[in-house]
Every structure is written in structure tokens, then in C-alpha cells.
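One chain follows as C-alpha cells, the form predicted on its own.
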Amino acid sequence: MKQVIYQQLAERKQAGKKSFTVLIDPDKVDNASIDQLVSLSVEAKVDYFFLGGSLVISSHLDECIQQIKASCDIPVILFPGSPSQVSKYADALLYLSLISGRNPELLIGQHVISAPFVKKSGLEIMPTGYMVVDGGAPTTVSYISNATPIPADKNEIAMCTAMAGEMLGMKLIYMDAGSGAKRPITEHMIEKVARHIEIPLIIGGGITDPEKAYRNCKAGADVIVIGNAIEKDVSLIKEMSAAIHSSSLVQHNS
């Protein structure tokens, strides 16, 4: 199985290079806004697009990806809210296992059902340990998953969960405070997790300003994902990108 994008992520981590990912919810964009988003992202040197949402209509997902791919060569990675959100037009898929929760459906159940379809898609599959952290507001993911998020101040729980995910064979750890989180994940928690795993660490949820994105990178995040803040103000892309990429010069002491 091809591992082109994962290899790139791993190499960027090794080199201390931080990556900026723009999260696009296909239900919240139209053709004109996609064009604007792609144009600004190319200009700002965005590294990846994550595409997904909680309730995506799959035909629109295909169209959305094709429109992005026609305008740029930024890799498109699926960040699915459900197993039905698979498109052969994307470059890769985050195969998410909700390791922070205790709902067996989202740990393995849905994967069993979707496995033949996912395999047939020909996408690069990236096994991802998905950890939801309490962001101070109920999120769609915590509601749909019926799983309690990791408390925001329980750094050791986050650390042990991430370590377990890595030892179980996950290739990425994705810590998410959820869309529109009131409180983003703390630098203390990011640092604690980053010091104890060797695989790339993705951080998202509630990051609304470049300073916070920079500090997250300094704490040990390898990939910063921003969606909601950009939906509200697309001009943030340039500043966010500059902050995240400039932090690549700051080596994380592991």
C-alpha cells in the first residue's frame, strides 16, 4: 500500500518542519468560496487540506475535491465524520479510531463495515488515533460518538492514551478540541504528549489566532488544523501559515 503522504509527514517531523492544514467542511462551502479558499491557500503555502464534516452529502464531497484538485496541487486528505465519507478523488484518508472514548463502534465497529469499501477506494490509508479533548463546549463529535472527552487538565490521561495508540500501531495521533471549541488544547498537554510519542502529532479545535498556532508548534505539535476560524475570516490563512511555518525554526526539545 502506498504511503507517499504519510512518508512526507514523517520526514517533515524528523526535519522539525511544521505543517499547516486547512479544514474544509463541504457542507459549508460553495464553488465561489472554494475558489477563494484555494487561491489564498496556494498563496500562503498551505501544506494540506483536510476535507470532512459531520453530515456530508457524498456527491458534493466528490465535486468539492475535484474542484480543489483542478486548481492546485495541495494534497487533499479525507477527515471523515462517518465511513460513508470516502471519495476516490482524494489523496489519502485519515482512518480514525476514537481511542479517547469507550464506544466500540468508533474504535473498530464502523471500520469493520467500511473496510472493503475503503480498501477498494485505492486511497492512501493513514491509521489515526483520534483523541477528543474537552474544549469547554459540547461538540458534534462528542454528541455523535456518545463518548466523554478527555478532561482539559488531565495531561497524563492524554499522554497515556497517545502512547497506547502508538504502541497499537497508529501512524498518527490527532488531538481535537472540536469544531468551535471555546478552549483550545493547552500547550502543557501538547508538550506532555509530544515528549512521549514518536509519530506525528496533529492538533485542532479552537485555534483562532496565529500566536496560539505558533505556541502549539513550539510545544510539539507537528500539524496544525484550522477550520472554524478560517470559515469566519479567510484572510487569517496568510497569518496562520506564516506563524506555523516560522515555528519550524524552533526545535522542540524531546
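From 1 onward, residues are counted along the sequence shown. Predicted model, so just to flag it, every value in this text is computed and none were measured.
Below: the form predicted together with SN-glycerol-1-phosphate, not depicted.
Using a 4.5 Å cutoff between non-hydrogen atoms, residue 180 counts as a contact of SN-glycerol-1-phosphate in the model of the complex. Although the partner is absent here, residue 39 sits far enough away that none of its heavy atoms falls within 4.5 Å of SN-glycerol-1-phosphate in the model of the complex. Contact annotation: residue 91 falls outside 4.5 Å of SN-glycerol-1-phosphate in the model of the complex, judged by heavy atom distances. Interface residue remark: residue 64 is not counted as part of the site for SN-glycerol-1-phosphate in the model of the complex, having no heavy atom within 4.5 Å.
Note that among 64-72, 224-232, 211-219, 39-47, the stretch whose heavy atoms approach SN-glycerol-1-phosphate to within 4.5 Å in the model of the complex is 224-232. Looking at 70-91, the one residue that comes within 4.5 Å of SN-glycerol-1-phosphate in the model of the complex, counting any heavy atom, is 79.
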